[in-house]
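This document starts with one chain, in the form predicted on its own, laid out as structure tokens.
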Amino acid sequence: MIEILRAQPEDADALKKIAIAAKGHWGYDEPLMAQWAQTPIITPEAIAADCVYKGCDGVSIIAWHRLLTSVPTAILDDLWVLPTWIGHGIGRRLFQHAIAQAQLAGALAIELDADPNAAPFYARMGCQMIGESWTEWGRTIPRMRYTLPANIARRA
């Protein structure tokens, strides 16, 4: 059974390794991946400050997301799943969890910059492409938006 739990600062190394494995799954050039792996990706300080949750299969962390809960638009800054777990529903569960967290924060929408390989997943989740963003890799990637359903708690 997969549990979604609040990440702790001491999880930073494990979360970074998951992000590197997930990005590497898409066959990016090794030198580019090595350069990206040297960046912080996620830090203990970010885990303490941001809305960061991990998906766990027993004691192992298999996925995670980071949501910046600014209002009115939350930013899904990260959503990473270990390659062996891609296609098993954990990404969907984490995305749904991020939706719930954004709603609790009072956001009206979630925006994200999608890796081109992940854009079809986000489209299946209900995201719409709203433009493009320029990356540190010198390319454009889809900027996507998920409009949160209205709820009574947010209207009150």
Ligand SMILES: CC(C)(COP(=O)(O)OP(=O)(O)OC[C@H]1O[C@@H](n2cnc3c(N)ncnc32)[C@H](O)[C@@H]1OP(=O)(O)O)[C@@H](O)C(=O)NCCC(=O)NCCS
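One rule holds for the numbers: they count along the sequence shown, beginning at 1. The shown structure was predicted, so the numbers you read here are calculated from the model rather than taken from an experiment.
Just so it is clear, the following notes concern the form predicted in complex with this ligand, a form of the same protein that is not shown.
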*asked:* So if I measure heavy atom distances to this ligand in the model of the complex, which of the stretches 41 to 49, 127 to 135, 107 to 115, 65 to 73 falls within 4.5 Å?
replied: 107 to 115
*Determine whether any heavy atom of Gly55 comes within 4.5 Å of a heavy atom of this ligand in the model of the complex, and answer yes or no.*
no
_Check Ala22 for me: does it contact this ligand in the model of the complex (non-hydrogen atoms, 4.5 angstroms)?_
yes
*asked:* Residue-level question: is Ile99 within 4.5 Å of this ligand in the model of the complex, judged on heavy atoms?
replied: no
*Could you confirm whether Ile61 comes within 4.5 Å of this ligand in the model of the complex, counting heavy atoms only?*
no
